[in-house]
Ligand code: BES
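Next comes just one chain, in structure tokens: the form predicted alone.
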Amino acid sequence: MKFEVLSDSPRVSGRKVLGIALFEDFARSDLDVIPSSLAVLTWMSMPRENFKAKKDSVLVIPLADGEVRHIIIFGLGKRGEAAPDDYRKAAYSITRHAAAKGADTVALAIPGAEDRTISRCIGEGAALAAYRFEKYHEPDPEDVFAVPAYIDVLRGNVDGLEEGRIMANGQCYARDLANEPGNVINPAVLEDSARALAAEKGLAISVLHADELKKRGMNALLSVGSGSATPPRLIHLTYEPVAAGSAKPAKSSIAIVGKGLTFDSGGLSLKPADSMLTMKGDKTGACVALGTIKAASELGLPIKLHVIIGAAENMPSGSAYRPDDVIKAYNGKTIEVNNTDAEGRLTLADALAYACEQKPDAVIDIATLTGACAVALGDTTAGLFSNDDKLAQEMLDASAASGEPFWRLPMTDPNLRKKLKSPIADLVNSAGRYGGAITAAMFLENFVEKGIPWCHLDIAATDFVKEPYSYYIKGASAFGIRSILTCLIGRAKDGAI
């Protein structure tokens, strides 16, 4: 998909689909940006179809003659109340409708497109509309869905559109990896994917395999992967702006830690059969981390990035770790295992401690960690936890701009913290059902070096979409990637922590 900015309206006539976004109080003058003949048709059709531009409403006007075959109008709702996500949804909806019509070119007339931030949203929405995961089935001959090759934006901002395209493509890359089943992607194949990305983008990469993990004392990660035929590994990619081709030196250093469970059966604390469905997506945190460093390198952000992934497969076998085991983690903390299905926090424990050794200015981890977070927040909002108010607000602001809702949950209750105490070790790995998302975050905090700002993103609820909504289709969402990238872009602009 390629974007072009159209500076004058007559060129719209060469496009097969014209997409228009309007506010509820639209006037005839709002259509002056498109050719007059098309403006007249649009103006006459809207009252006939009782279209009032209510938020998220869509009107499709088929045309019998001419190069423009369809006009698609998207309602933005009340003027002055539009959020960034509304522009994203407009571009997504129009492009998706155009794809269903088999159009190869689309012209978009969206108010405010000259603004870089709005154009970024338009670029994201249009690129996300192209996403499908169809690798494993024959195409439906009646399905005419054809991704438009060209998206032309009237009076758009070139830099914003390109940023949006790159960010959305990073998300689609992460979704492709997350949607792959466990028989296709195991820890070894996830390493191969990371190595291929590193080679493509000029990133440094190092991987610690089982022998090295054992030598270093990364026993939490080793234990989680001990029941699988494919040993675990710790994957570390580094993006250096100058080394990757950016002319700008790094302003700060950020570590992104992703949970990389390529499949989670629950181990010996075996999940019920229905609960294993979608557990191929338990690696989504890792996939988001990889998509983030891919997009950051393409954007040339002047920020040094470490991406660290604890890759493992949690399986039951004679060599699997057990309830009642006591594990000594990489930072020396001992953990009593009372639930082998609380495995993600164990892989993150070693990965977080390792990330802190890189001396970053901040650490962000992202993980499909707890069902408790879904119970607390539903399936369209993710949980955010942090030891640093400034970093937390930074991520929440990025969340609002990205259309990926996060809600900060507290880590202040001493009674909940007490539930992590073990009579025979420093910690238990699961503190029970109540407050489960919070106690999981409290557990992770034990592996973050004091003084390093840290943010934990629990995307278990939002990771796998069961029913399509907004600009998400069924399957992996890679939720959180645009929030992280927006946060990094913000830091790149002011260079402050």
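Computed from a prediction, not measured in an experiment: that's the story for all the values here. Throughout, we count residues from 1 along the sequence that is shown.
Not on display, but discussed next: the form predicted together with this ligand.
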task = Given this ligand in the predicted bound form, answer whether the residues 394, 456 and 486 all have a heavy atom inside 4.5 Å of it.
result = no
key: Non-hydrogen atom contact residue 53 with this ligand in the predicted bound form at 4.5 angstroms   = no
message = If we define contact as a non-hydrogen atom of the residue within 4.5 angstroms of the partner, is residue 119 a contact of this ligand in the predicted bound form?
response = no
ask   = Given that the partner is absent here, does residue 343 sit within 4.5 Å of this ligand in the predicted bound form, heavy atoms only?
value = yes
query = Do residue 339 and this ligand come within 4.5 Å of each other in the predicted bound form, heavy atoms counted?
reply = yes
key: Which of 361-369, 103-111, 182-190, 413-421 lines the interface with this ligand in the predicted bound form (heavy atom within 4.5 Å)   = 361-369
key: Contact assignment for this ligand in the predicted bound form, among 38, 442, 460, 448, heavy atom within 4.5 Å   = 460
request  = State the residue from 313, 350, 124, 282 whose non-hydrogen atoms include one within 4.5 Å of this ligand in the predicted bound form.
outcome  = 282
Contact set, 253-275 vs this ligand in the predicted bound form - heavy atom within 4.5 angstroms = 259, 264, 271
